Ligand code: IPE
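Take a look at this single chain, the form predicted on its own, given in structure tokens.
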Amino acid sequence: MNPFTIEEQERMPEHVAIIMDGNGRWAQSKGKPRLFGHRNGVENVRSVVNTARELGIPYVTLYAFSQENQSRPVAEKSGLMKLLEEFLKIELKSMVRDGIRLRAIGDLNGLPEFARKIVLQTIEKTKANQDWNLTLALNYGSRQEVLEAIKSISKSENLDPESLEWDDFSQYLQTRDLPDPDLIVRTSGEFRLSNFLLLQAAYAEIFVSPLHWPDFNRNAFIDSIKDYVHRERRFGKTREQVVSLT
């Protein structure tokens, strides 16, 4: 049974981006090693992605590994990359079956070769899918993405910097094939974007859950969408202007 009314369904976000935070703290609260939390976090990805599909949300982006995460202990990073490899190997068949296309943003060259290889293979094998879109931010940093975009623009002979508009600039970002996120969800009660989609999230709604990512289950995800559909998105306009346009 769909938990949303017809009116609420008409206000569904097209793109939800999630900062999956709190795996380590969740594990430590249970007296377990941090990797135990990461493994349970990976398991939760499946639940949330499936819930998004059920609700008709075509784009989901997950902040899986930031460039800043490179400073973490070697054993933890290695374990994370092995979990990524394991997850993609297991999920490939269902992604192909369910019409899910995988994309990745970030500097994949900064990943171990085995992890980079499985990511690129999965992207290739799902590129024909059009129904649903899962993007993983891997070794990603928004500031670095912007700098790379500027470098590319500076080398372009067909673009006049004086006439540059946002639509032009956005084509040099790694998210060029994605709509801007409507909703940013962050778990674990932290109120910050952590260098994630800083420009793309300019007008996104933000929802912060106190739950650590492994506990952010189907119902918690639905609650975040419920919160979103009842917000009034103004995009810099006054309430009166928004009402006059609807």
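Everything quoted here is computed from the prediction, not taken from an experiment. We number the residues from 1 along the sequence you see.
Although it is not shown, the form predicted together with the named molecule is what the next lines describe.
Enquirer: When the contact criterion is heavy atoms within 4.5 Å, does Asn23 count as touching the named molecule in the model of the complex?
Expert: Contact with the named molecule, yes.
Enquirer: Determine whether any heavy atom of Arg72 comes within 4.5 Å of a heavy atom of the named molecule in the model of the complex, and answer yes or no.
Expert: Arg72 belongs to the contact set for the named molecule.
Enquirer: Using heavy atoms and a 4.5 Å limit, would one call Phe221 a contact residue for the named molecule in the model of the complex?
Expert: Contact check for Phe221: no, nothing within 4.5 Å of the named molecule in the model of the complex.
Enquirer: Using 4.5 Å between non-hydrogen atoms, is Val49 touching the named molecule in the model of the complex?
Expert: Looking in the model of the complex, residue contacts with the named molecule do not include Val49, since no heavy atom lies within 4.5 Å.
Enquirer: Counting any heavy atom within 4.5 Å as contact, can you tell me which stretch out of 53-61, 174-182, 199-207, 24-32 lines the named molecule in the model of the complex?
Expert: It is the stretch 24-32.
Enquirer: Does each of Glu76, Leu80 and Arg186 have at least one heavy atom within 4.5 Å of the named molecule in the model of the complex?
Expert: Judged in the model of the complex, Glu76, Leu80 and Arg186 all sit within 4.5 Å of the named molecule.
Enquirer: Listed by sequence position, which residues of 106-142 have a non-hydrogen atom within 4.5 angstroms of the named molecule in the model of the complex?
Expert: Residues within 4.5 Å: none.
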